[in-house]
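Heads up, what comes next is one protein chain in two forms, each shown on its own as structure tokens, labelled structure 1 and structure 2.
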Structure 1
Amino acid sequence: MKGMVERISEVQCGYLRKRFETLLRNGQKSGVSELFTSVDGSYTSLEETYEMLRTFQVLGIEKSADINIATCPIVVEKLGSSSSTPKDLFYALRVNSILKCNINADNFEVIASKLQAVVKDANSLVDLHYSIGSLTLIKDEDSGSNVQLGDADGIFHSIKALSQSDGRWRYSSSGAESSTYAAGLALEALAGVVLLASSEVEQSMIGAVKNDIVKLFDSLERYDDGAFYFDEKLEHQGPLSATASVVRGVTAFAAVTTGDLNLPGDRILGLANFFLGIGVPGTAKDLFDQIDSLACLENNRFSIPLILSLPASVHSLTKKDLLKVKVNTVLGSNSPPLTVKLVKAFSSGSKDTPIVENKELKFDPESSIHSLDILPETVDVGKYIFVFEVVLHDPEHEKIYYTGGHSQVPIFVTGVIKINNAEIAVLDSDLESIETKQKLDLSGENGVSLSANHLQKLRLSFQLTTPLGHVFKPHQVFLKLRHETKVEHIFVVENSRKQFEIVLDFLSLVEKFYYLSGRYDIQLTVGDAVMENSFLKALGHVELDLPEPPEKATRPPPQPVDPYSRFGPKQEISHIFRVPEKLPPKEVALTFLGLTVVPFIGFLIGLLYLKVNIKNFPTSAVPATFAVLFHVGIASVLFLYLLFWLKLDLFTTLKALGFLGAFLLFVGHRTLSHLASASAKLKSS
């Protein structure tokens, strides 16, 4: 794992390194492989498996044995099956080239003869690429076999026939669209043809292809930072895959031919910068393209780019650390012996006056870091551009490596800024008489307490000087006044000649302050990228006494609600309960309950006093029964009412009342008519 970190180059692509380091530090070897894992945990196709294995191989990550066990049967099956397409065979062979599954040598011969037949008939570039690629893989795998292309010149011609005048290729003779991606495939296929040719391929043909490559490199697009890439006109391929395809093709072609390709070194370096500068791509396919291309560039035969990088582009004057420079290949291997020179360094504002010129950096072979130990005393804080030059010790190396000539690196030189003569004062309107004046210590804590009215002014002033004693102008100098009601006012502090000064004339500011009197907190912000002691400090407060607002005065704007308050605790809900009715003491209620019985007792006494009797009650059996039933009926109706009050509902009560009522009507009628006839008899007699 550590080996991998060393091999990842420390280049412009700091992000790439950082991401891998994080993954490795966390012990997540799976971090990279999780890019390759599909949802169900298996690798979906041999193509993706190959891409994963190749990426791991380049990065130096050990593959787990599980992959062998899971993948080899599929590879064997594909290679043994007669229905496999050239594409299947190609990727199966590629996977096999990494995993070294045990494939029967007889199998290879069968496949080889089948593929040779395909090559003869094929007219599409993709088929040719797959079949020729497979044949080269078989040749690599089985050195005893005699895989050869008989009609190499013919095949070479048929591929070359698809090339266009601008160096791009067509996918097939019938297609009109030319593509950069196809050019990469074609070059790879041509390299395979040269490798497999039974007799030497015509040098004139190879020369023509070299011309095509040069033309293709003329169509490179350029980013501002010096990165080069191939743009793809067809929609289904992006610049990354197109560029990767060309890099693969060109390195393969260069590997099998002799003679110089005459490719400009800065373009190769630009391609390297492109792959290093894209960070870690989001998809496995893109990561494979990136890593595989970098591996191709690392070992190519025409021009190996060396990349100059700085571990830190910030140089602190206070720490007195060394300015370190590293030179590596794209995947972080050590460079050949070389010297790094600081050609010149100048402030980013003034190009013509270099502060340093022609200094050689010391090389520490142990850490393979070039360092500049002493910066001249004249270097002050600020942004500088350092121009480095890499000089190879061995002139022979210059044919193999490309160092990129002069490389410009922006460097921030930081330091501690001195703050002097800081003071805050309340002045009367004529600026002459000073009412109160306080010294401030802007490096420490302050707690000034001032008071002013609208006829006075507030003045804040201080000086900033660099370590070399020059006036320093930071990017940000703000004064903030904040009222108790959180209404804020921000002022930019201007600098006049030697010092920063702001005068707040409250008379002209009353409108802006919304006539809000009261306590204002003062906050000062001084910040810059090269200022190591940037600060944001509360200075204290000023008690402002402003006039009453006129009627038309603008109201202060409502303060924005803190969006995080949404997630804070909600305001407590207070429930209003019904106030319980006031109830009398128990004794009073019981007394009155007793009192209500008193009239009833009085009623009974009154009846006794009147000597009421029940002699009129029927004596004979049948009317007496009815009379008794009548009274029982009335009593039961009253009892039903009691039940209704206590527990029954209206409908049950009415149902029962219907029956009781009918019964009562009957017996009541019989009883009362008996009484009526009795009294009528009495009268008539």
Structure 2
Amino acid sequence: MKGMVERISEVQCGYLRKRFETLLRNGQKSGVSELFTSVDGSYTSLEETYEMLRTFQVLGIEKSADINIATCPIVVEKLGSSSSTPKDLFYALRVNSILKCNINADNFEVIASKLQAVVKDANSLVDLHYSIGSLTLIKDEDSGSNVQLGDADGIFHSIKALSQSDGRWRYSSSGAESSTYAAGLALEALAGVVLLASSEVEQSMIGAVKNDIVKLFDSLERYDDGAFYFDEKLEHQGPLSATASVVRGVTAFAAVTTGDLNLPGDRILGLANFFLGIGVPGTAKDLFDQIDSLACLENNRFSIPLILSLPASVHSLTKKDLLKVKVNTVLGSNSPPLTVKLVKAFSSGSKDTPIVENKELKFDPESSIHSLDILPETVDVGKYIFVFEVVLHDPEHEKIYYTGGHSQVPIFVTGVIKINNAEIAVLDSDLESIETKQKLDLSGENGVSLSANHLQKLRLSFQLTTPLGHVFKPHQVFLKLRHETKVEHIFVVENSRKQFEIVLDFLSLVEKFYYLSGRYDIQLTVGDAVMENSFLKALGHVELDLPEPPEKATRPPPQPVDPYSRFGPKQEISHIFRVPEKLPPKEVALTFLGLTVVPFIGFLIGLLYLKVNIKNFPTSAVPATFAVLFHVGIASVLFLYLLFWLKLDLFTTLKALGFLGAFLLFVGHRTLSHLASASAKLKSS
């Protein structure tokens, strides 16, 4: 059990540490006060903080200094505020009991006086629980504070008046429904009353509460594995929180009273199994309820349960494993001196025939493990039930610990299964006539190649035996035929006498095979929980020649599309670029360039022949500027044509030409207007 508890504790420690580090990280970002602030602005996270700190404490996680720095100012503020409710004071004092914040002793006196007034006037079980619980915490922190309850009998009676005939409690005198969770709160409050009473509480009243506890335990629910739990009728509480509340209340009440509670030990052990069987809860609240309840059971006064567990419930005949048993408390502490005996062990299928009886296990003080060196030779592979008995050495310990009597533990014994006489054959219509037969090595590789038609049959047979030579019947034996089109057919191989055998009559299977001829891969699967050499092997293939399908024959179902082939990477596309055309020699290219200049030279010669002059070029500053810009614009258009020829695309060229055209239109119009005006003046003169 210790190993199991250690594994659970490791996961739980990591979970809680991550949760609290997240709270501290948020507090560092937005201020320490916001660490405990809820959505509506009220401080309501001290309860969660205590639950985390308490769980750290039980699991042995050391708290960091950051937790004290972040939490203690909030605790001091709550304890010093006059507006703090009994619930705020209760959880602030609980947190302080762990962190040991620096609280002024005068504050305890003020708080105690306030809480005593609340206890005197309270009519709610919850208020009484918080107030009395806070007073007991103050008594533990400051023994000099006056926290005694003067009218303890009256308070005890007012709480007891809320109890019901079935052991449950109501939250108030006006409440109609009773609750198992409230019973735990009431028992904690009653324990506080006994502890704070200025005079001894009447034993008759304490005896009445003990009877209520017995009635409450009569309502326990039971799982098939022997775990006990308390069910809760109210919707806002589940079995875990209700059971944890009762365990805390019962252990608190038993710690402050004398005498026996007369609680059955198997119920206490069942409660421990309930909390241990939960695993790792999903919330911090459930985790606290689980760990805190186990801590209460670990140190209770009436009966400490001892848990028997096996580090491994699977034992191999091949490896000759030792049978190991551990006995620990619920949180993994070492048990008192004791002896573990194997009363008997029997196969799950034959309870009346034990394979071993009355064996005492050897104890190793260093590892605290009880072990059985050698299993009897009659133990074969399979599932067995081992019955253990724990015997305490000191009779006085029987008053403190509960061992649970006989404990039944299921154990799987595994081994290597022998495979013999494996063969595959093709038969004619007459079973006695074997056309082809091949031996198979099912422990190695096979690659048989067979051929058959629809008038023949396929037979596969083999034998399985245990290490002791008994016939072995595994849970799974399948034969699969897979067509080359990926259509699969699976058949169950039945056990016949001392061997497994299957005969496939292809004539009766043509419709099931959808008349698909071709290659079928053969695959055999044999598996079982106690079979160490379970396998899935390819045996080879068979070529089937089936008749042509009739017109109305059923077609093969469409095969599911492989998502990797549908959504996976596609095949890379290789581009083939055109081979560049052969260029002319350099001399020819230069000659052609020279010929293109010839028309320009002819243009210049033509201008000289026409006797072109620039006498009409404007001489005034403004007209001359427009004339120059006009000629620059024409040159720009010619240059744009050159760029279009060399590198620009059509759209870019047209866009630039649009701007140049508008520019030329403006400056050209101004230039021509000046020339026309000058010509008109010349004619008039």
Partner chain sequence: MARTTTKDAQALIQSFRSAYAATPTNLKIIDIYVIFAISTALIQVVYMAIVGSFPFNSFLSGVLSCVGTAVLAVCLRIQVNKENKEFKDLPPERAFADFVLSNLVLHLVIMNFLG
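The first residue in the sequence of structure 1 is number 1, and each one after it adds one. Just so you know, these numbers come straight off a predicted model, no measurement behind them. Each form is matched to the other, and the largest set of C-alpha atoms that superpose within 1.5 Å is called the rigid core.
One of the two isolated chains is the form predicted alone, namely structure 2. The Cα shift for Q57 between structures 1 and 2, taken after rigid core superposition, is smaller than 2 angstroms. Taking the rigid core as fixed, one finds a CA shift for V492 smaller than 2 Å between structures 1 and 2. If you fit the rigid core between structures 1 and 2, you'll see the Cα of G606 move by 2 angstroms or more. Structural comparison between structures 1 and 2 after rigid-core fitting shows the C-alpha of K570 displaced 5.4 Å.
Core-based alignment between structures 1 and 2 gives a C-alpha movement of 17.7 Å at L650.
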